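Form predicted alone, single chain, as structure tokens, below.
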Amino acid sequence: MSHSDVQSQILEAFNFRHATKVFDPERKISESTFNTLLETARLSPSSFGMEPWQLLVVQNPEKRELLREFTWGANGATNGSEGQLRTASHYGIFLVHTGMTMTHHSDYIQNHLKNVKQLPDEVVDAYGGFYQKFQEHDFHIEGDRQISDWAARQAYIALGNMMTVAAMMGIDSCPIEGFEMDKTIAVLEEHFGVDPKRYQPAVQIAFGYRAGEPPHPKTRRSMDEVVRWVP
């Protein structure tokens, strides 16, 4: 495939993608195809390579229904439809780490550097020092909310990569921030076994195949408004 063909394929995928509100409930993403999407998330970059997120995939309809009342962005209440929770082939929740696991001295960080990144002890010490300086001095990421917000920014990289690859394979998606945080945390703890001290929900994501064409054409600001070249 030529360079120009790749460019065309990429732009076609981005024009194809839209925030799908209703999926065809009869069409399911194959296991191998969805595993490809999961792999694009797993291989995505993150700050310092810390991978401060986990994707919770919710396929059980009864478990999805537990989220419906307060996940207004995915329950179809605004357009009279069944919404993403009930129609998506696959539905996920990006959970992000908290200060319990993402401070420079935490057990998670030490284990990640030694056993995931497989760094020698002397490099782990130096890496930890760089990470501490980054948190405390450079970006001022010290409070629990600040750490979770930083972790969420890393999760959004994986989210974006999943949606792009999905579009390139003709799969629709919709990122969802329309949910009540406190109620979501409570249900995740009670019914999904998620420890709120370790994980917080950042964004939800639905995948599947659209039930119809987008109701409106894609609109964006012009390139001149989006990009400013510095002379």
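We number the residues from 1 along the sequence you see. Nothing here was measured: the structure is a model prediction, and the numbers come from that model.
Quick note: we don't show the form predicted together with a small molecule, though the next part is all about it.
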item: Arg221: touches the small molecule in the predicted bound form, heavy atom cutoff 4.5 angstroms; value: no
item: In the predicted bound form, Gly128 touching the small molecule (heavy atom, 4.5 Å); value: no
item: Any non-hydrogen atom of Pro196 within 4.5 angstroms of the small molecule in the predicted bound form; value: no
item: The small molecule contact in the predicted bound form: Gly178, any heavy atom under 4.5 Å; value: yes
item: Partner-proximal stretch of 26-34, 61-69, 170-178, 184-192 relative to the small molecule in the predicted bound form, 4.5 angstroms, heavy atom; value: 170-178
item: Of Ala41, Val203, Leu56, Val165, the one that lies within 4.5 Å of the small molecule in the predicted bound form (heavy atoms); value: Val203
item: Contact assignment for the small molecule in the predicted bound form, among Tyr156, Phe134, Tyr108, Trp150, heavy atom within 4.5 Å; value: Tyr156
